[in-house]
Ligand code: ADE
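Only one chain is shown below, in structure tokens, and it's the form predicted alone.
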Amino acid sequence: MSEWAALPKVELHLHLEGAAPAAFIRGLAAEKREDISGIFGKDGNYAWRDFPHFLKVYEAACSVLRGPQDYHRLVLAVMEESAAAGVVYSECFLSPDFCGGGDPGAWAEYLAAIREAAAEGERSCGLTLRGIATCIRHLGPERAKRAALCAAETAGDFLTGFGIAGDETLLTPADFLWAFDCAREAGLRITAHAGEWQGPGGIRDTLRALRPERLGHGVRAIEDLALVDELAEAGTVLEVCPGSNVALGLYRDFRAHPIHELDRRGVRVTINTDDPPFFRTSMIREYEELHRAFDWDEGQFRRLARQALDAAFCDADTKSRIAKKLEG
């Protein structure tokens, strides 16, 4: 067993469907008599060639998730995997577009099943889960409005945030201003994917238009040290996913990844897995590779876990409870 397995961890950037174990999706496809065998390699894991192909494999895997009960089962499977890696608190991205096609009534049914599974999973494996609703950038602003309305109507103790995912190279952050204003008015906390496939300019546009507390990825800020200083001064949190960035070719390996330099320059970084089974990673592997690349020790990992908890979108009582686990 890895020396990092038992260290309590906090994860803020996890796509629910993207965290579906390959065996779970294969089993679900078999139950539905769907042939999606082409998305798996000989070893049974997801197989993709590049980012466009990854998106197609991802969509094919999602195609067998068709109702609230499927998502109930998915949440339990994902929580079991995360808890086995030592995660004690996790926030996952949920899309009203995937869960009910943007229909408020259908979304409410999906969310009820997800919440029920989260409560069941917490009882069985001790991991606390919260949800962040996301709109999908490449589906456009009108669909984003529908997603925001769904999120606003179900904001509460479980659904605590709103964000945007999808193809970062399409449209502009300002195109989604209505959706984010709607979510913010409902009391939802704000995060946004930026700085993965676009450089510093995309990050600046996102910060200016959407005013997020956190950025999904954000790592390409390193290409503009003035922007790095601004992020550090503002306290903007980066949901960094090193293994994902390496797997998708943004950086050649962990040693070339900017997370260490961003942290050294005072940016509030966190460690996350993004879509772990697709990228052959886990929170344990992230810790192992960061230790190997930068000689990060237990003290550094505990500091970043606490930093992640401070940036979490949950209530104060939940934070207090999780903080005690981090001290263990």
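Since we're looking at a predicted model, the values are computed, not measured. Residues carry their position along the shown sequence, with the first being 1.
Absent from the display: the form predicted in complex with this ligand. The rest refers to it.
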Exactly one stretch in 287-295, 272-280, 259-267, 61-69 has heavy atoms within 4.5 Å of this ligand in the predicted complex; which is it?
-> 272-280
Taking the shortest heavy atom distance, is E196 within 4.5 Å of this ligand in the predicted complex?
-> yes
Can any non-hydrogen atom of T206 be found within 4.5 angstroms of this ligand in the predicted complex?
-> no
So in the predicted complex, does any heavy atom of S95 sit within 4.5 Å of this ligand?
-> no
Given that the partner is absent here, does S244 sit within 4.5 Å of this ligand in the predicted complex, heavy atoms only?
-> yes
Tell me, out of A77, V228, L139, A165, which residue has a non-hydrogen atom within 4.5 angstroms of this ligand in the predicted complex.
-> A165
Indicate whether the candidate residues F51, F54 and H217 are all in contact with this ligand in the predicted complex, with contact defined as any heavy atom within 4.5 Å.
-> yes
Does anything in 12-50 come within 4.5 Å of this ligand in the predicted complex by heavy atoms, and if so which residues, in order?
-> H15
